[in-house]
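Below sits a lone chain in structure tokens, taken as the form predicted alone.
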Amino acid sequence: MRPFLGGRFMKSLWNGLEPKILDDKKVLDSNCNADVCIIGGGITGISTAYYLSKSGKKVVVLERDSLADKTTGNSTAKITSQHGLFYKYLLDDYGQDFAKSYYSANQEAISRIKSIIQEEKIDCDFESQDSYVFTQSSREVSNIEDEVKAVKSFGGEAEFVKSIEPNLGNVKGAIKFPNQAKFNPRKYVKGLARAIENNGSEIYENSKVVSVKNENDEYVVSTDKASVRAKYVVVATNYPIINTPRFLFH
């Protein structure tokens, strides 16, 4: 969601800093084949395409507009295992194993992104930083303390602190997650897209998918101009665009 101010949407900082991702924009205008067709060119679709292409799969990515222009380009650009006061809820409702698995998966994602940036030599302003959730209300300090206890209960790294950087003043308490990160998400996607194409896979922009049909144990993914025939389809859009059995959305 873009920030709303004074009756108009603010322009994304990331889209303004990196307005162009692909050097040569291509529209799917002829039929082709792939091992996997990925619908959606945000960070989720492009990351999936990167891993698959790196493993030797032929991937075709179809994006209806421009890569990383919507949710990804308008994101907070933080890479963190901390998402508000969330872990006490996970612990209470789903148990310690589930909460620990969620935390570990997020921590692993930070490490993997850092490794990809180093391996592919992606200049995306990556910077390791601590992450905080703080309160300026004395009544909410106990919620912060409970969250710290919840994270520590399954071996996660968290600390209760009474000040944060930069100093916002009047902070009554905060939970600190060390060694989190921030980056420019569009620059990161640009680096992944370059690697995907170098791996022999293809990315198409301005190629809106209008149908997905199953034919002879394969899928035919059609735009208004051409189609992709693939063994597998990944739908990585902000909202589900199809209603088909055997597809899973969350």
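In this text, residue numbers run from 1 along the sequence as written. Source: prediction; values computed, not measured.
Keep in mind that the form predicted together with a small molecule is not shown, yet the notes after this line are about it.
Visitor: Note which of S75, Q129, N143, T135 lies within 4.5 Å of the small molecule in the predicted bound form, where distance is taken over heavy atoms; exactly one does.
Guide: Of the listed residues, the single hit is S75.
Visitor: Taking the small molecule in the predicted bound form as the reference, which of A34, A195, L52, I43 has a non-hydrogen atom within 4.5 Å?
Guide: So the residue touching the small molecule in the predicted bound form, by this definition, is I43.
Visitor: Do heavy atoms from each of L62, N238 and I241 fall within 4.5 Å of the small molecule in the predicted bound form?
Guide: Every listed residue reaches the small molecule in the predicted bound form, so yes.
Visitor: Is S66 part of the interface with the small molecule in the predicted bound form - any heavy atom within 4.5 Å?
Guide: Yes, S66 lies within 4.5 Å of the small molecule in the predicted bound form.
Visitor: Given that the partner is absent here, does K190 sit within 4.5 Å of the small molecule in the predicted bound form, heavy atoms only?
Guide: K190: no, not in contact with the small molecule in the predicted bound form.
Visitor: With the cut-off set at 4.5 Å between non-hydrogen atoms, does K208 touch the small molecule in the predicted bound form?
Guide: Taking the distances in the predicted bound form, the answer for K208 is yes, it comes within 4.5 Å of the small molecule.
Visitor: Taking 4.5 angstroms as the cut-off for heavy atoms, does T71 touch the small molecule in the predicted bound form?
Guide: Residue-level check for T71: yes, a contact with the small molecule.
Visitor: Tell me the stretch among 77-85, 97-105, 169-177, 153-161 that has any heavy atom within 4.5 angstroms of the small molecule in the predicted bound form.
Guide: Comparing against the small molecule in the predicted bound form, the contact stretch is 77-85.
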